[in-house]
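The chain below stands alone and is given in structure tokens; this is the form predicted on its own.
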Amino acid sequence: MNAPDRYERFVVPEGVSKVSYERDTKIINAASFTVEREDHTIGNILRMQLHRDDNVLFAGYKLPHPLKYKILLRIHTTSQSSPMQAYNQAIDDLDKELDHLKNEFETELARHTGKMMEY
């Protein structure tokens, strides 16, 4: 069969960076990021988080090929920010949101488990 092994979807090969950055030479404050071993899940979450930033003029992503497990993320910002700053801020904000979601879930789970013990 021509399909790659399943582990190739998740394991970043040795010597390959998880995220690479390439500045756009034609557009000021624009850059492309290549994120290895990710798909629409991360691409869409990052795109939506970047759109929340007022300094981001454009954020989009694409998968170059269904059997190549990487996304190409393109960011264009205003002069008050850089694509790298916007990317790092989006990652930090998503990390905080996920921590909050995890804490809320664990709190509700503990509360629910406590109620179940009372019966």
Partner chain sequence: MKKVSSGGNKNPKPPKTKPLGATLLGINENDAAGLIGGIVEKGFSETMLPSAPQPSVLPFPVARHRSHGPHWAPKVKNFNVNNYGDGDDVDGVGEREDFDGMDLAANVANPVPRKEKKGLDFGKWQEKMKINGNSGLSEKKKETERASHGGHVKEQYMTVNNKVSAISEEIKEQSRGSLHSVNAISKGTTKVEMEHTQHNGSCKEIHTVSEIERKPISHMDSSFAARKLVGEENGSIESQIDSENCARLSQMSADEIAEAQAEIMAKLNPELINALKKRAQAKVKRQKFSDSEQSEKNLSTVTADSDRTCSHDSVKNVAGEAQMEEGNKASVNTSKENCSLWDAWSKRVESVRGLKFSLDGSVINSDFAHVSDSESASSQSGSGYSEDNVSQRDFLRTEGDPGASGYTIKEAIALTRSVVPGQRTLALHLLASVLDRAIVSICRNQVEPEGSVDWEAIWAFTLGPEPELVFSLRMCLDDNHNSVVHACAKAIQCVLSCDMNEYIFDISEKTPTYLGDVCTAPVFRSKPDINAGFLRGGFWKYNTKPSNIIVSDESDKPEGEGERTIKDDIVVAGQDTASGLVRMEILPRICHLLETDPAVSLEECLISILIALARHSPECAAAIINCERLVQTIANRFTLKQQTEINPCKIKSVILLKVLARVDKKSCLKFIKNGIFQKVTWHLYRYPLSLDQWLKSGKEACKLTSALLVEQLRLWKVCLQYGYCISEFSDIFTTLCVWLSVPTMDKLINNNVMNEYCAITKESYLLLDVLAGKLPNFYSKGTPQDSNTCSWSHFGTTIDLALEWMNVKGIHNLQDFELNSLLWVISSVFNMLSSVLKAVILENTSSLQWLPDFVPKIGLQIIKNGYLRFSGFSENGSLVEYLCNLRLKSEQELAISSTCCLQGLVQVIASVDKLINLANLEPSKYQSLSSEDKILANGILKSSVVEVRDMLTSFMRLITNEWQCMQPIEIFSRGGLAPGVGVGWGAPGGGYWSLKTLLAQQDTILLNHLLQISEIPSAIDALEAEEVGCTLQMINCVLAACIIVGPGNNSVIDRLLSFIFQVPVLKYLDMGIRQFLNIRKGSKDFRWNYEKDEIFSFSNVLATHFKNRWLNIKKKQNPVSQNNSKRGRNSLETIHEGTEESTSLIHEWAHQRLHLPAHWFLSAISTVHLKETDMEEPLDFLEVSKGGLFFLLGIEAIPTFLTSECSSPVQWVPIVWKLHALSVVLLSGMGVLEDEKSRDVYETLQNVYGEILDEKKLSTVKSLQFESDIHQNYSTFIEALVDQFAAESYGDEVFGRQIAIYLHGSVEASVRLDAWNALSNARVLELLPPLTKCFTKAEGYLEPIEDDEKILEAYVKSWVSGALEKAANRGSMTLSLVLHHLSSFIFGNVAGEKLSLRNKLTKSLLRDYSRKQQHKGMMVKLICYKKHDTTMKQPVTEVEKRLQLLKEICEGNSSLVTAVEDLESFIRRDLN
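Bear in mind that the values here come from a model prediction, so they are computed numbers and not experimental data. Numbering follows the first chain given and starts at 1.
Not pictured, yet referred to below: the form predicted in complex with the partner chain.
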> Within 4.5 Å of the partner chain in the model of the complex, do we find a heavy atom from each of Lys18, Asp39 and Ile45?
Replying inline: no
> Given that the partner is absent here, does Ile27 sit within 4.5 Å of the partner chain in the model of the complex, heavy atoms only?
Replying inline: yes
> According to a 4.5 angstroms non-hydrogen atom cut-off, is Val56 in contact with the partner chain in the model of the complex?
Replying inline: yes
> Closest heavy atom of Tyr61 to the partner chain in the model of the complex, within 4.5 Å or not?
Replying inline: yes
> With a 4.5 Å heavy atom cut-off, would you call Ser32 a contact of the partner chain in the model of the complex?
Replying inline: yes
> Pick from 19-27, 105-113, 91-99, 6-14: which stretch has a heavy atom within 4.5 Å of the partner chain in the model of the complex?
Replying inline: 19-27
